[in-house]
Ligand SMILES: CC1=C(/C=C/C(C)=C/C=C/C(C)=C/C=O)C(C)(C)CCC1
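Read the single chain below, which is given as structure tokens and is the form predicted alone.
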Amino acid sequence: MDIIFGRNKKEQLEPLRARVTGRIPAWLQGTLLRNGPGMHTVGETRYNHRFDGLALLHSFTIRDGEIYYRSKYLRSDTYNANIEANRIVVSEFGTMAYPDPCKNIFSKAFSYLSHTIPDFTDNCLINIMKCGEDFYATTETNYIRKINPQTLETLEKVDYRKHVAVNLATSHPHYDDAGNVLNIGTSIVDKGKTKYVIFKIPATVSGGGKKGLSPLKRMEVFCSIASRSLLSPSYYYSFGVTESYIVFLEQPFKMDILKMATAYLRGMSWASCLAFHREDKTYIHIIDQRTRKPVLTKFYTDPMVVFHHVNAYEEDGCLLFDVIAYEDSSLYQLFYLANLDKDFEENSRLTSVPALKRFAVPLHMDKNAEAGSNLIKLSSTTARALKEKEDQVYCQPELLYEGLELPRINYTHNGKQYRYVFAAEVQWSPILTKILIIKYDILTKSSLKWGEVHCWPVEPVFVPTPGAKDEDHRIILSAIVSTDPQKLPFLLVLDAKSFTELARASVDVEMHLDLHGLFIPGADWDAGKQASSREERDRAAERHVAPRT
């Protein structure tokens, strides 16, 4: 596991031509842009958690059957401060840092006070967000960083708080057909209230003659949901949308704000302020996008932890939504670096198995229904919604599949009825033994899989064929990291319908295990600056890329 999780990865600043075996479809042109932690040690200091590592951007640019790879660390304020000090001086979620060990007691006391309301990190290591014509590296704090998707250069820093009052925000926004961005964040004790704020960023801005006006400056609050607790709001990682509704889960995985305010003084990480309350419920909030108000019926289900929503849609007066659910929060514990060392297989017993579950809620309450009756009459699911009181419904999900994570879909079906989930399948027996790429058919409950010994696939990205009518037509891209030092990492190109391998592009680099990203159709790269002729590029490829083993 040290190859994957323990080593700092080197940058590949100039485009490196990959060795392609197989055939890449001629229509596949663009850049796969990815983000994830790549550096966990600075000087003699080390981060505690995998999701604390410094953000490393990397990309695969595809053009005319060739693929070029490059990577570059996000030059965040956090990165720059750490590198300059040659140690970790900016706190991350699982690692509390102290930037002033040599200053006097009065300076330290002032520093403690300044952390009462934390100024979170801008180490945006989780995802890439498209906003208008711009791209941003994102994390779960109030900061995002604009980047150049071609050169991976870090540009300006953006603080959500200058536009909407949120201290935290998800890295999993949604996009409508016009390209508008919908996201959700938490506003902590603002004017005496803690609430979940759903905000919207327009795809384009009418600047009244002003050229280049950022859509971020026209960000607006779409609606808000009051937290059930002023000082213990829910942690969440994503949310769901349909054509008319928004789905938000207020789960019993909660942040203790009082503990967070004193964490720096106590020498504790912010992660220690998160706790799973298994005696509590998971509350399902449904917001009508047309009225911008929550549906009055109170829906709830059993305690669970959800990181990834898969999709949601409406059917015959019901709203169905699919999530990857855990029985507790032990997944987060698993990714402490101490658990990812040599005893990883034993430590992997810590986590509950992720399960793809389908929930169904009635959009219109039947006032004449008896208490205890099932309000879901759909033949397409066994999920139930049991009426308890006039305005309260208990939701019981349908278990679709166990072992899925990092789900993606054909995004043209986002918020609409769909059939296929593309994901990583994690196999436990009872320890983690294998990770595969899977295509799961919700309709037939069947699956197709791809896997290879020593290969760790990351989140699969679906790239549809232009003008395609079938939902699974046609390409899956996934960066594959190898645990075998003799086997190079590569970009895998799969036919999404048959799940057969079309091609792979091997690169002689230490590729990191990333988290999330997106595909940018038609993107180009500055290849002309890197080699004066195809022959020079070919010779460079021979020097840097060994034959596939």
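The first residue of the sequence shown is number 1, and the count goes up from there. Bear in mind that the values here come from a model prediction, so they are computed numbers and not experimental data.
Separately, the form predicted in complex with the ligand exists; it is not shown, and the next lines address it.
In the predicted complex, every residue of the candidate spot (140, 260 and 515) has a heavy atom lying within 4.5 Å of the ligand. 308 is the sole member of 87, 357, 195, 308 with a non-hydrogen atom lying within 4.5 angstroms of the ligand in the predicted complex. A single residue from the set 235, 73, 136, 264 has any heavy atom within 4.5 angstroms of the ligand in the predicted complex; that residue is 235. Exactly one of the stretches 436-444, 325-333, 243-251, 178-186 approaches the ligand in the predicted complex with heavy atoms within 4.5 Å, and it is 325-333. Using a 4.5 Å cutoff between non-hydrogen atoms, residue 126 counts as a contact of the ligand in the predicted complex.
In the predicted complex, the ligand stays beyond 4.5 Å of every heavy atom belonging to residue 519. By the criterion of a heavy atom within 4.5 Å, residue 51 is counted among the residues contacting the ligand in the predicted complex. Using a 4.5 Å cutoff between non-hydrogen atoms, residue 456 does not count as a contact of the ligand in the predicted complex.
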